[in-house]
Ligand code: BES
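Listed next as structure tokens is one chain, alone, in the form predicted on its own.
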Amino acid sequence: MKVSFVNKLSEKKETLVIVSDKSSMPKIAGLGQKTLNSINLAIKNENFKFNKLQTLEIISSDKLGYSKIIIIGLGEDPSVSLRESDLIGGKITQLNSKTNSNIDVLVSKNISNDESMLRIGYGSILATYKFDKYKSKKSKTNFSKTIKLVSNKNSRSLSKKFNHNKSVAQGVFLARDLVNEPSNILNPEDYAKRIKGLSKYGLKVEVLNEVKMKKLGMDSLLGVGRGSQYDSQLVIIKWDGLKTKKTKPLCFVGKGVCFDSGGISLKPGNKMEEMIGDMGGSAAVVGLMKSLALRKAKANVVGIVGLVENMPDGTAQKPGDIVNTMSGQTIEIQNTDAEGRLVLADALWYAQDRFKPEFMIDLATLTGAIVMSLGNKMAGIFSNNDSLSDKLFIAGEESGDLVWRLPLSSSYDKMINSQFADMKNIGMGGAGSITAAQFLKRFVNKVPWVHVDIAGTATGMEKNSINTSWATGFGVHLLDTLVSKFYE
């Protein structure tokens, strides 16, 4: 499907979509009074209420020049958020899939500003995603037609700006693909190869195998994958968008547990199949890096993902084991299902030690406790830096990938202190998301840092017009917005 921005309605009139609230409908720009009168009569006859995303389909007569006219309501409040603009775009794509014609789109003045128009186009693209590669009978949904957004005099400017939105959408699609892949296909070794394939976009990709990680002292990360038939991997992805200017890189770190059985601390069998998505944090980082490369972001960025598989066998890590970390700190393993923080401990230390970044943000499907706190509506964030945390919150409001900050406090440290090692990998007495973040904090030193727990948002969010997939791609747009708004 193609999305374009045009200055006027098409001469060859096929399907017209009008996005409007009730008060704006009588004066919608671009339509003659005769056409408006006919549309308003149909609205009255059908008692159309203009509820948000409500649609009214009008079979048009020849005198109006359209085969079909469809109204999409904006609700009582004429103001529309950027995420609602995304959803409007997704709704238009759904309509596009049911028609054999191209679609012209007219919008009321309150959402005809550049950013809303771009986000309608963005939502239109997001809604085309599908993951049916393993189905013998493919979806027959048709996204081959063109959606033309009428934007009066600034269509050329919008078309140029829209390249950014298209790049982000491609990153979201990659993240969704990675999370949706079954673990018998996407194991740590295959995952690393796929990331190396992104070098064609100008990314520099480096892979550390188990031998190299062992030399670096990454026993915490390596311990998680000991029971797997696949070697663990640490992949470094670099985008040098400011080659002529030396700056501290922005650093994003992702948990990539390609399948999490829980290890020796085996998970219940119910819904264990969903543990193919325990690498959602890494998928968000990889999707972000592709987006930045596609849009030629003017920033120096490093993405680091730790890729492992957590399986039980005779060589697997056991409760009661004590492991070293690259930092020199030791960890008592009390539960092998608290494995994501073990991966991130070494990955975060490596990131701050090697790259001396401006900041670090890690993303991980880390704790079920965050779902109890925030449900599937937003991700929890924890930070040692108010300014960075505030910026990420603003980026969430703008992107639609919502986040909410939860506390860190030294009072939680005693919950992860171990009598045998420097710390244990699981807290006692509740506050599971906080103690997990408190654990990670011990591996970032004084680098500004945010931990994003996406256990409730990487998969299983409520389906809507821009995502009917189990995997959401959450985090890609969030991080891209943070970079573009504050660091370019």
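The structure displayed is predicted, hence computed values, not measured ones. The numbering used is simple: start at 1 and walk along the sequence shown.
Keep in mind that the form predicted together with the named molecule is not shown, yet the notes after this line are about it.
Visitor: Partner absent here, but in the model of the complex, which of 150-158, 360-368, 208-216, 298-306 has residues with a heavy atom within 4.5 Å of the named molecule?
Guide: Correct option: 360-368.
Visitor: Hey, in the model of the complex, does I69 get a heavy atom within 4.5 angstroms of the named molecule?
Guide: Output for I69 is no: heavy atoms all beyond 4.5 Å of the named molecule.
Visitor: Give a yes/no on whether D401 approaches the named molecule to within 4.5 Å in the model of the complex, heavy atoms considered.
Guide: No, no contact at 4.5 Å.
Visitor: Verify the contact flag for K91: yes if a non-hydrogen atom of it lies within 4.5 Å of a non-hydrogen atom of the named molecule in the model of the complex, no if not.
Guide: Because no heavy atom of K91 falls inside 4.5 Å of the named molecule in the model of the complex, the answer is no.
Visitor: Using a 4.5 Å heavy atom cut-off, state whether A338 contacts the named molecule in the model of the complex.
Guide: Residue-level check for A338: yes, a contact with the named molecule.
Visitor: So which of D278, D86, D104, D346 gets a non-hydrogen atom within 4.5 Å of the named molecule in the model of the complex?
Guide: After the contact test, the surviving option is D278.
Visitor: Only one of K267, K130, K377, R354 gets a heavy atom within 4.5 Å of the named molecule in the model of the complex. Which one?
Guide: The option sitting close enough to the partner is K267.
Visitor: Residue by residue through 448-463, tell me which have a non-hydrogen atom within 4.5 angstroms of the named molecule in the model of the complex.
Guide: Residue within 4.5 Å: A455 only.
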